[in-house]
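Let's start with one chain on its own, the form predicted alone, as structure tokens.
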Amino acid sequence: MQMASRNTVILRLSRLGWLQEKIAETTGITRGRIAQIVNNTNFGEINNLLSQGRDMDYIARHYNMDLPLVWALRLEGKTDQEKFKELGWGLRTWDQWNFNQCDERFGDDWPGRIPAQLVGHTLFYFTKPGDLVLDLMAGGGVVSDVCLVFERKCLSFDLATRDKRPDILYHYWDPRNWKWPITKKPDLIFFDPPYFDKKAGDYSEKSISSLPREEYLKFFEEFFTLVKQHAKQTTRLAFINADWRDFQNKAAIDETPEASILADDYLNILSKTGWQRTHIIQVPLSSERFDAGIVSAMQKKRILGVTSRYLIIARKS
């Protein structure tokens, strides 16, 4: 996402539900001036530029604005179904959402980036416009960008912060000193953590991805306990993670559950910490990451690869 002008940053944060006091603290200008910018900014020329054949990238550059905000302004007031159509996303009506590619319009290029389409479907089925979404490990900001377009409020937190993403605030989930970053209880908590033993070198040294297996699972047990304390009875938890098996080193017949982390492990932890699963949605990883040479070697060694990934929706039990 390109660096946007100060006024469009203010507009973005306001639409995501930030209080004017917090926007003032972030941007360094007065609350009164923020109110003026939010109330008086007019982007009515967008439709005129579209009618002239200009594309959305041109409009974003024209206004020195990030692309998700341009889409949010263009689609403002439309129904969720209309937004899916305008974005070119097919609306899945079953519990398998297969997206091989990320939509480059939303979120930064980031390790473990998830498709914006996946976030859009989660919002469609488990929230309504105006709801507050809490993104606990925001990464490249896909959730925030999609919430902006679908007119949901969103507060995002992550270890990694950067100037061009003022909507992502710093927060470290410290198991030795758990702290909750907001006071208002959200309608949806989106939790897309680093997966076990994957891309550990791309994340901060504080990332959970490099923890030993038992410590990784213990983190989730303590974390889900904390999340429950700060959730409403109607809050939905959307937790995404992938099966992990040591398939690269063993033939399928030699693998053991004790050396894996599977959906069953997460479901058991959720149940133990007071969460009730309502849906398991298949959101498989793309098999395209395995090239022909790797596939051939796997076949010779009778290795069974992993594409299993799940979106688990839960509520307080």
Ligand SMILES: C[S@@+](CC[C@H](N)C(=O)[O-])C[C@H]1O[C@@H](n2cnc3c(N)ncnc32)[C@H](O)[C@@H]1O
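What you see is a predicted model, and the numbers here were worked out from it, not measured in a lab. Heads up: residue numbers just count along the shown sequence, starting at 1.
Beyond what is shown, the protein has a form predicted in complex with the ligand; the following relates to that form.
Peer 1: Name the stretch: of 92-100, 179-187, 79-87, 131-139, exactly one has residues whose heavy atoms fall within 4.5 Å of the ligand in the predicted bound form.
Peer 2: The contacting stretch here is 131-139.
Peer 1: Out of Leu75, Ala231, Leu159, Ala242, which one falls within 4.5 Å of the ligand in the predicted bound form, going by heavy atoms?
Peer 2: So the residue touching the ligand in the predicted bound form, by this definition, is Leu159.
Peer 1: Is there a heavy atom of Ser207 lying 4.5 Å or less from a heavy atom of the ligand in the predicted bound form?
Peer 2: Contact check for Ser207: yes, within 4.5 Å of the ligand in the predicted bound form.
Peer 1: Using the partner position in the predicted bound form, report whether Tyr125 sits within 4.5 Å of the ligand, counting heavy atoms only.
Peer 2: No, Tyr125 sits far enough from the ligand in the predicted bound form that none of its heavy atoms falls within 4.5 Å.
Peer 1: Can you work out whether His171 and the ligand are in contact in the predicted bound form, taking contact to mean some heavy atom pair no more than 4.5 Å apart?
Peer 2: Looking in the predicted bound form, residue contacts with the ligand include His171, since a heavy atom lies within 4.5 Å.
Peer 1: Is there any non-hydrogen atom of Glu151 lying within 4.5 Å of the ligand in the predicted bound form?
Peer 2: So Glu151 does not count as contacting the ligand.
Peer 1: Residue by residue through 107-139, which ones have a non-hydrogen atom no more than 4.5 angstroms from the ligand in the predicted bound form?
Peer 2: In sequence order, Trp110, Pro111, Gly112, Arg113, Ile114, Met137, Ala138, Gly139 come within 4.5 Å of the partner.
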